[in-house]
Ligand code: HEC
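Okay, here we've got a single chain as structure tokens, the form predicted alone, with questions on binding and movement later.
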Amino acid sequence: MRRLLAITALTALVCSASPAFAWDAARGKQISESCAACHGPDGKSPSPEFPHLAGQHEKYLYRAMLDYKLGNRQNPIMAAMVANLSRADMRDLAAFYASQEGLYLKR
């Protein structure tokens, strides 16, 4: 019984804390202004040299930015672009681009 109460209390705590970890697409849109030159204002790149970001999965976009920041992905331009972004900034950017209609149909 104690174990069940502990699990219930922990679940309630995690669920109540989850809004603090929500990804904010509106804030991401504000941050995305510096990304627009290469990736377009809505994540649809105007050039075939740069990837489309619109409609990509949030976690994929976040991980890609984090990998550029950590040096796991090598691209000097992207490394410079993400150098001053916090993890919250990257999450919010990922949420913004993921919320845009991409080139593929959303499921």
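Only a predicted model underlies this, so the values are computations on that prediction, with no experimental measurement involved. Numbering starts at 1 and follows the sequence shown.
Another form exists, predicted in complex with the ligand; not displayed. Remarks below refer to it.
- By the criterion of a heavy atom within 4.5 Å, His39 is counted among the residues contacting the ligand in the predicted complex.
- In the predicted complex, the ligand sits within 4.5 Å of a heavy atom of Arg73.
- Contact check for Met78: a heavy atom falls within 4.5 Å of the ligand in the predicted complex.
- Using a 4.5 angstroms limit between non-hydrogen atoms, Met65 touches the ligand in the predicted complex.
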